[in-house]
Structures are given as structure tokens and as C-alpha cells.
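Okay, here we've got a single chain as C-alpha cells, the form predicted alone, with questions on binding and movement later.
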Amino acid sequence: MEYLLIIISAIFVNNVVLAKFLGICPFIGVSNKVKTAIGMSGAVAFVMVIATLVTFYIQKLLDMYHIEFMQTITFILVIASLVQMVEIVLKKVSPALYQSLGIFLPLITTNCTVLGVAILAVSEPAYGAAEAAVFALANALGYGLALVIFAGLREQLELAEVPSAMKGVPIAFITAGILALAFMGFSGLC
């Protein structure tokens, strides 16, 4: 039951993009096409779960040596290193997957969603490693859901008659706001 609560809360109620406003830049920038949004979502999910697990144990080391103040810079370095290692391994092991992810892997290095989820996971005192991994995966699914829905809406907006002053980013921000309001409807679930 605890895992189900973590999953529902992270995907719908406390969506990392629409409720916590983490990762807005890639949310707006990569959401022009559904195919692109799906690729970015998969890459973020993979890196987010691995980064959260690694940073969970690194936080234990930081706590043990009483250097918690190094958390942010350490997590940034770990996430950047993980993305580079994943990129190298994918290039060697699965060139097709590496090509399909393309530009998404380097973009994840600067995606504050990954860092935010890692910090949120280690900040929750009730979470062990398993709960942190479920939390990261659920947040990645929530990020992906929001990104794919938003990309679908933006594809539909390309076909709609939008006033010239509202085309592009202005209508995208309004649509994102309405989508965030729709997700707020889930706030009574948890």
C-alpha cells in the first residue's frame, strides 16, 4: 500500500513538472512532437532511477562524515558522471539505442528534474533504498506523462487557428498552465 501511495502521489498529485515546477525548460523545449517527448521521457526515467539510487547511498556517506553541505555539488557531479557513463556504455553495447536517444542523454545532464528528485528522495526520512527507487521511477513516469500529454496538445495547437500574437511560446505557457490545473484535480487523492 505504501508503494502504491508513493506512485499515485508522484505521478498525479505532486507531479514533478506541473506541481513542483522542476524541469520546465526541457518541458517547454522538447515537447513539440510526441515522438521526441517519448524519447526524452525514457531517457529521463532511466537516468533518474539510477541517479537516485546512487545519490541515496552517497548521501549516507555525506551524513556519516558530517559534510551534508556538499550534497548539491556532489549530486550534480554524480548525475553528470552517470549520464556520461551511460552514454559510453550505450554507444558500445547498443548503438541503435544510442542513436535513438541522440541528443536526449546530454540534455539530461542539465535537467534539474533529475537533481530535484534525487534531493527529494534523500530528504524523505521514511524512505529506504527501495522506496527511493520507486519514488524516482514514479516521478519519471509522472514527468513522462506530463511531457507526452503536453506534446500531444502542442501538436494539436499547430492545427488550430491561434492568434498570431499567441503563437509559439505564449500559447504553450497557457496550455501548460491549464494542464497543471487539470492535474491539481488529483490533489484530493492522497
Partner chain sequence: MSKFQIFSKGILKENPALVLILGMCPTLGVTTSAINGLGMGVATMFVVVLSNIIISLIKNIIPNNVHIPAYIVVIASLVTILQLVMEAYVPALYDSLGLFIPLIVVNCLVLGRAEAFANKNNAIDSALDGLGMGLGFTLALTVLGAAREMLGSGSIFGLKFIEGDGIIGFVLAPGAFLVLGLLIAGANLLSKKIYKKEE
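Numbering follows the first chain given and starts at 1. Rigid core (definition): largest C-alpha set, two forms, superposition within 1.5 Å. Bear in mind the structure is a predicted one, so any value in this text is a computation, not a measurement.
Keep in mind that the form predicted in complex with the partner chain is not shown, yet the notes after this line are about it.
Student: Should Val93 be counted as a contact of the partner chain in the model of the complex, where contact means heavy atoms within 4.5 Å?
Tutor: Because no heavy atom of Val93 falls inside 4.5 Å of the partner chain in the model of the complex, the answer is no.
Student: Using a 4.5 Å heavy atom cut-off, state whether Ile8 contacts the partner chain in the model of the complex.
Tutor: The answer is no: Ile8 has no heavy atom within 4.5 Å of the partner chain.
Student: Does Val86 make contact with the partner chain in the model of the complex, using a 4.5 Å heavy atom cut-off?
Tutor: Val86 lies outside the contact set for the partner chain.
Student: Hey, in the model of the complex, is Ser164 touching the partner chain, heavy atoms inside 4.5 Å?
Tutor: It does: once the partner chain is placed as it appears in the model of the complex, Ser164 has a heavy atom within 4.5 Å of it.
Student: In the model of the complex, does each residue in the set Thr36, Leu82 and Ile149 place a non-hydrogen atom within 4.5 angstroms of the partner chain?
Tutor: No: none of Thr36, Leu82 and Ile149 comes within 4.5 Å of the partner chain in the model of the complex.
Student: Which one of these stretches, 119 to 127, 54 to 62, 154 to 162, 40 to 48, sits within 4.5 Å of the partner chain in the model of the complex when only heavy atoms are counted?
Tutor: Heavy atoms within 4.5 Å of the partner chain in the model of the complex occur in 119 to 127.
Student: Of 10 to 25, which residues get within 4.5 Å of the partner chain in the model of the complex if you count heavy atoms?
Tutor: Val17, Leu18, Ala19, Lys20, Phe21, Leu22, Gly23, Ile24, Cys25, in sequence order.
Student: Please check if Ser164 moves between this form and the one not shown, taking a CA shift of 2 Å or more relative to the superposed core as movement.
Tutor: It does, since the Ser164 C-alpha is displaced 2 Å or more between this form and the one not shown after the core fit.
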